[in-house]
Ligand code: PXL
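A single chain comes next, written as structure tokens; it is the form predicted on its own.
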Amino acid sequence: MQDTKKILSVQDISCFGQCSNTVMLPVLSAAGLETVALPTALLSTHTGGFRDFTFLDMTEEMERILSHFRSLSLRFSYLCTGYFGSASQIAILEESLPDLMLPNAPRMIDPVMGDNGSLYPTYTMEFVEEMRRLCRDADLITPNLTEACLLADVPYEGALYDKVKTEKLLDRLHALGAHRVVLTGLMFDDRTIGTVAREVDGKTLVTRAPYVDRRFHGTGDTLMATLIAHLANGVPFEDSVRGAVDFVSDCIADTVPVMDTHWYGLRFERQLSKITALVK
């Protein structure tokens, strides 16, 4: 029997709120992946809709954790990244990757930087440049349209899908060095949302799902986790994208009836049997 594949998930831990590592850990574990969390920050809750949340920067502890991992000769089969607290954290991680990753280990990057056309207030263009550098070696990146425009250094012109502009944007992201790209959160019309993905060979894949006019937290984290769950279990890229979009759509449908009290994240737990079924 082969050893369980180990994935290093580098992003924050928001203790309450179903996002980042608190989504990655259960979804990837259900997919048969031994998931190791490297926290970039520790928050009492995520920042979407909560007030007075606590925030602990983990930069110094990241360095100590990575040093300990190296001393244990740990080697990871996959890298997944999400929220970073600063540009320096990206540099710290990159310095350790040659010692931590198995040869040709896929790197899955969610370039968390902004939304709705704006860079998050805590980030600068120095951070964007560091994220570009991290994405140059990525096997897969999953930016929303704002993040894609920041990476490609082009103006943001809204989330409405335009085939010509989207193809040009994908061209620029491929030229940056990302092998596969999944653009998330594109609006096809007022009732349809989805992704546009670019394969290694240049093939473009459009995947649609019903649009629900509510704000859902953690959808990007759930999509990335589910994509990795499929890909790591040998599912072809096109089917992996479709499966991830469908999974998120099912989680949204399961969350809508309870949103008066469960507004802070996706109720994904009842869908996990679909992930477990991928394990061979």
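Residue numbers here begin at 1 and follow the sequence given. Keep in mind that what you see is a predicted model, and the values were worked out from it rather than measured.
Unshown form predicted in complex with this ligand; subsequent notes refer to it.
- In the predicted complex, Met24 stays away from this ligand, with no heavy atom inside 4.5 Å.
- Proximity of Gly218 to this ligand in the predicted complex falls within the 4.5 Å heavy atom cutoff.
- This ligand in the predicted complex comes within 4.5 Å of no heavy atom belonging to Phe76.
- This ligand is not drawn, but in the predicted complex it has a heavy atom within 4.5 Å of Ser14.
- With the partner omitted from this view, the residue of Leu66, Leu223, Leu43, Ala232 that lies near this ligand in the predicted complex is Leu43 [heavy atom within 4.5 Å].
- Interface residue among Ser29, Thr59, Thr47, Ser249, judged by heavy atoms within 4.5 Å of this ligand in the predicted complex: Thr47.
- Stretch-level contact analysis of 29-37, 47-55, 238-246, 66-74 against this ligand in the predicted complex, using heavy atoms and a 4.5 Å limit, identifies 47-55.
- Annotation for 237-275: no interface residues with this ligand in the predicted complex [heavy atom within 4.5 Å].
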